[in-house]
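This document starts with one chain, in the form predicted alone, laid out as structure tokens.
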């Protein structure tokens, strides 16, 4: 008599790198630039393109995939899918919000970070042309501190924009504290979640945010990019006008191709942009890993790996930039000191280590497909580069 049929077990989080082919033989610390493709994502694209070539593109499948991806990101950040718009980029979302501002009245201001990534900097700077006093807060400890923001916020401040995690330094912002300063003045809170969403928990901070935007090509794992996500609080949705509304903004998109009627969606989808169907197919596949492993397990693994990376770097004499513990994220930056970025990156690449340099730092970004072996490889590479050990 045969025994019970064995049940296939899902891989543990420590084995996640086996699902990402590009991790073989290299230590990939560059997710802050672009995430890696899972085998599922690659296979999904191959199959879809084959079907496209043979039968034509099934755009209705792309639309369904976009809806499922929207729901997946909603689960990830603790939001309702009805509060998420599909957008092409962070700058597009910032442009949507900036378009809500008419000519400035006396004393009206916008408060932003001095060293913010350009997608969350340029759209606000352009509001100076409408008469707004665009106030730039200098970075401290690698990012924006609530006390420094408070000095520039007053009763005329209409918006405070910042990154949840700073791209160059890995500084994690205190969203709740900054929001408290902004909302006391009646200002909109805009958060660039490019280096936040998919990497560390977000849900606990969502109530402090009016607009949270994240692209698909970093920690959400579709480096082919083409579709991002914009959470809009119910209050923001009621306040904003969907200035780029098209057929996807309709209550029933497939019934909204022509005028004269205009029946817009009652949800955040009225702020949707036209999407890349190919990107939507990819996003649906890429985001599945968060359900497979569970977001909590991914976040815990990221914390574990980041702590190990910081300790290993310090032990090797490559001290990470000094950030208070509460401001740590999955990005670990190391001041370059006397090292030139290009030769250092080239030397590390020769050791199978892939990372970036940003704003005077060696930037190392951890995600759950990394492994302790990657950290060992990195340390070996760093101790072998010309100039040897570095003491900061």
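Given the structure is predicted, the values throughout are model-derived calculations rather than measurements. Positions refer to the first chain, counted from 1.
Unshown form predicted together with a small molecule; subsequent notes refer to it.
Classify residue 91 as contacting or not contacting the small molecule in the predicted bound form by the rule of any non-hydrogen atom within 4.5 angstroms, answering yes or no. Looking in the predicted bound form, residue contacts with the small molecule include residue 91, since a heavy atom lies within 4.5 Å.
For residue 119, is any heavy atom within 4.5 Å of the small molecule in the predicted bound form, or not? Answer yes; at least one heavy atom of residue 119 falls within 4.5 Å of the small molecule in the predicted bound form.
Find out whether any non-hydrogen atom of residue 171 is located within 4.5 angstroms of the small molecule in the predicted bound form, and reply yes or no. Residue 171: no contact with the small molecule in the predicted bound form.
4.5 Å heavy atom contact, residue 225 and the small molecule in the predicted bound form: Yes.
Considering non-hydrogen atoms and a 4.5 Å limit, which listed residue (157, 302, 284, 194) is close to the small molecule in the predicted bound form? None of the other options qualify; the answer is 194.
Listed range touching the small molecule, judged in the predicted bound form by heavy atoms within 4.5 Å, from 259 to 267, 316 to 324, 272 to 280, 211 to 219: Correct option: 211 to 219.
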